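What follows is one chain in structure tokens, specifically the form predicted on its own.
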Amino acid sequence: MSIEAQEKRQGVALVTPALLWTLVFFAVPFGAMALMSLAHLEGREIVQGHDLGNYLRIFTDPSLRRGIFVSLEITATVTVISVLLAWPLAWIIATRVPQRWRRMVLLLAVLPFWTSYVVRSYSWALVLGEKGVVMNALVGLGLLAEPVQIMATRAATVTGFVHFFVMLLTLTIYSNLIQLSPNYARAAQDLGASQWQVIRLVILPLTLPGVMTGAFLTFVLCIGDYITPQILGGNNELTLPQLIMLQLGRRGDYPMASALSIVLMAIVTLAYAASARWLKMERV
């Protein structure tokens, strides 16, 4: 057997376990979910079928359609705010923090990842409550006459999300920034560019792959999250994951839950297609 054939067999042997894992734990469940989405519920029984009634209901039922829009609005808000906060933070860490302190700063940046997601959400519930730290501080400073409602609102959900995703974006942008040669900035400054022009016209465009990678991860994780909207947002505005859990837990409508899940995956796929250009640049 030639060396080339041996290498090919070795490559197939190495890839096969991952392919089998993907087939068993993703492709097969996804196919079952797709078939389930074509069924419908009659009373308490699931009737198999091959119609698109569930999908038509999603886009005609105001409550279901509203759930999609709420998820997109919250996700877009979180992504934009996180990017605007994370890029300056990553730039400061990469260019202004001394090398000897940089590891400590990065360690502090990843601390939120060490905390349980549920614990972190409940911690924000305590902070944002009417008797929480934020309200007590605002009332104590005389900025508010009495506490206002922040919990169980979209603002609370966005706050909880941004707290986590700013750190995630900071790490992805920082990893991109430290790979840039300082000669780019020096060349721009030699040509008469100011510090702001160097950042806006040179550094920022070169870090777009890192920004888009972090933004895509933020989008995917945020739009599919159930815990944070449930704990911080309450049930005033149901997101897509909350609607899916509602169909499963209270109504037992597995076909509709499957259809909503397919729609959620379609949204993520469209987000990937929109950012694929920059994600490919990042891989290069």
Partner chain sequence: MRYLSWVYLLALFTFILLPVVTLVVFSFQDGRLPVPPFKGVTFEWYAKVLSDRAMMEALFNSLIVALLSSLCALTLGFLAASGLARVILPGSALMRGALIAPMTVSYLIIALGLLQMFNQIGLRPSLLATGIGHVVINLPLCFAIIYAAIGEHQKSALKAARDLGAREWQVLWLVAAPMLMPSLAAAFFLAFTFSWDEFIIAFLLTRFDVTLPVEIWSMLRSGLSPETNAVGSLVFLVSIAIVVVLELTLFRKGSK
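Note that this is a predicted model, so its numbers are computed, not measured. Residue numbers count along the first chain shown, from 1. Throughout, rigid core stands for the largest set of C-alpha atoms superposing within 1.5 Å between the two forms.
Another form, the form predicted in complex with the partner chain, is not on view; read the next lines as being about it.
Residue contact check for Leu191: none of its heavy atoms lie within 4.5 Å of the partner chain in the model of the complex. Though the partner is left out of this view, Ser181 does not reach within 4.5 Å of the partner chain in the model of the complex, counting heavy atoms only.
A residue is said to contact a partner when one of its heavy atoms sits within 4.5 Å of a partner heavy atom; Val166 meets this definition for the partner chain in the model of the complex. Looking at Ala39, you'd find every heavy atom of it more than 4.5 angstroms from the partner chain in the model of the complex. Remark: of stretches 138-146, 194-202, 207-215, 70-78, the one touching the partner chain in the model of the complex is 194-202 (heavy atom within 4.5 Å). With contact defined as any non-hydrogen atom lying within 4.5 angstroms of the partner chain in the model of the complex, the contacting residues in 106-121 are Leu108, Ala109, Leu111, Pro112, Trp114, Thr115, Ser116, Tyr117, Val118, Val119, given in sequence order. Annotation for Thr16: C-alpha shift of 2 angstroms or more between this form and the one not shown, rigid core superposed.
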